[in-house]
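Next comes just one chain, in structure tokens: the form predicted on its own.
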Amino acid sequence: MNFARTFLIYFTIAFMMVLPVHAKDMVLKEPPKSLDQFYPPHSKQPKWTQQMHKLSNHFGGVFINLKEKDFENVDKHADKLVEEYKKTSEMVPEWEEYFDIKAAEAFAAAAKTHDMKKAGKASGGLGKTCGKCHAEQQVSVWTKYHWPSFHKIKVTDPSSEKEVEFDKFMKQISGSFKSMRVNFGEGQYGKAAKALRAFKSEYMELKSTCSKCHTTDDVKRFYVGGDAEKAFQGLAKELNAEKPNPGNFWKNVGLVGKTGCKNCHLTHRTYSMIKEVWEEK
């Protein structure tokens, strides 16, 4: 077995040991309060995430430099990995059990032999400590610190010009959307047109809501941009026609529902629901 192949096998094994998160192993629970200090607004930078990157870079740096036979940098990365691993183990007291300092030191010692096989074998113990923490905590950390709490967001209702809670506003939008569909199905096109006007006004108001997090136009265009505008125009055209075409009407209903509502819900709703449960405790 040549060197490159040996390197690839051991690096792949090590990489898989560090990163996998399997559904059967995952436990979704709120991260400890002590982690708050390492994320905004308590910290200007996401210090915990930055610490994870340091560990990953030094761990990967060992294998990359072993492959390149740059043994001086192998030793540097090995030493820095142990240093940062120890530092990380002290940042969140509730997670101390996830760390195994001896495993980190054993990996560093193996790396310093400059033997790929020994480093790969020693990485297993260290990788298991990272993998266990990731399986139990990674999704929870993403949820809490990287996604907004939608139920805390206020939206200006275009009809009343008053601020309302986001959840209440979404129910209002859903009601208008449903009213349009039901009335169209009943052949009451005047009522459907009225519901469409309310629905479009409410739906497009979400542009300002999206702007609270999305500071570029790309995401806003995706959910409430040109495609949505064309769909609304198509709906209005059918409802203003002397004899609406059901095929065209329902096609545009699908465009709004799938490219706008569904995609946004799939992206945001699960995380928002989890955070709401945690914050109700």
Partner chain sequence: MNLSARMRNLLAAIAYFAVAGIAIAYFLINEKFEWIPESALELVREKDLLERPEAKRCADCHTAIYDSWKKSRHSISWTSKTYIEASENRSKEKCLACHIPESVKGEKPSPRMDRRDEGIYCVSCHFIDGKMNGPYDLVAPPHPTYRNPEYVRSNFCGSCHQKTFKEWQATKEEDTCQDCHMPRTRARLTQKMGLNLLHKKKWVGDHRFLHGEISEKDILMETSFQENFFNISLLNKTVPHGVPTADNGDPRLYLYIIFYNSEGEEVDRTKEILAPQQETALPFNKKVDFRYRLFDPVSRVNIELKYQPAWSKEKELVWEKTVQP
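Residue numbers count along the first chain shown, from 1. Here the rigid core means the biggest group of C-alpha atoms that line up within 1.5 Å when the two forms are laid on top of each other. Worth saying up front: this structure is predicted, and the values here are computed from it rather than measured.
Beyond the structure shown, there is the form predicted in complex with the partner chain, which is absent from this document and is the topic of what follows.
Comparing 70 to 78, 155 to 163, 114 to 122, 88 to 96 against the partner chain in the predicted complex, the single stretch with non-hydrogen atoms within 4.5 angstroms of it is 155 to 163. Looking at the partner chain in the predicted complex, residues Ser211, Thr215 and Asn240 each place a heavy atom within 4.5 Å of it. Checked against the partner chain in the predicted complex, the candidates Val139, Ala109, Ile101, Met204 yield a single residue with a heavy atom inside 4.5 Å, and that residue is Met204. A heavy atom within 4.5 Å of the partner chain in the predicted complex is found for one listed residue only; from Val82, Ala193, Ile173, Cys133, this is Ala193. Looking at Gly254, you'd find every heavy atom of it more than 4.5 angstroms from the partner chain in the predicted complex.
Among heavy atoms of Lys178, none comes within 4.5 Å of the partner chain in the predicted complex. Residue contact check for Lys168: none of its heavy atoms lie within 4.5 Å of the partner chain in the predicted complex. The partner chain is not drawn, but in the predicted complex it has a heavy atom within 4.5 Å of Lys44.
Contacts to the partner chain in the predicted complex (heavy atom within 4.5 Å) from stretch 53 to 70: none. Core-superposed comparison between the shown form and the other one: CA of Gln188 displaced by 2 Å or more.
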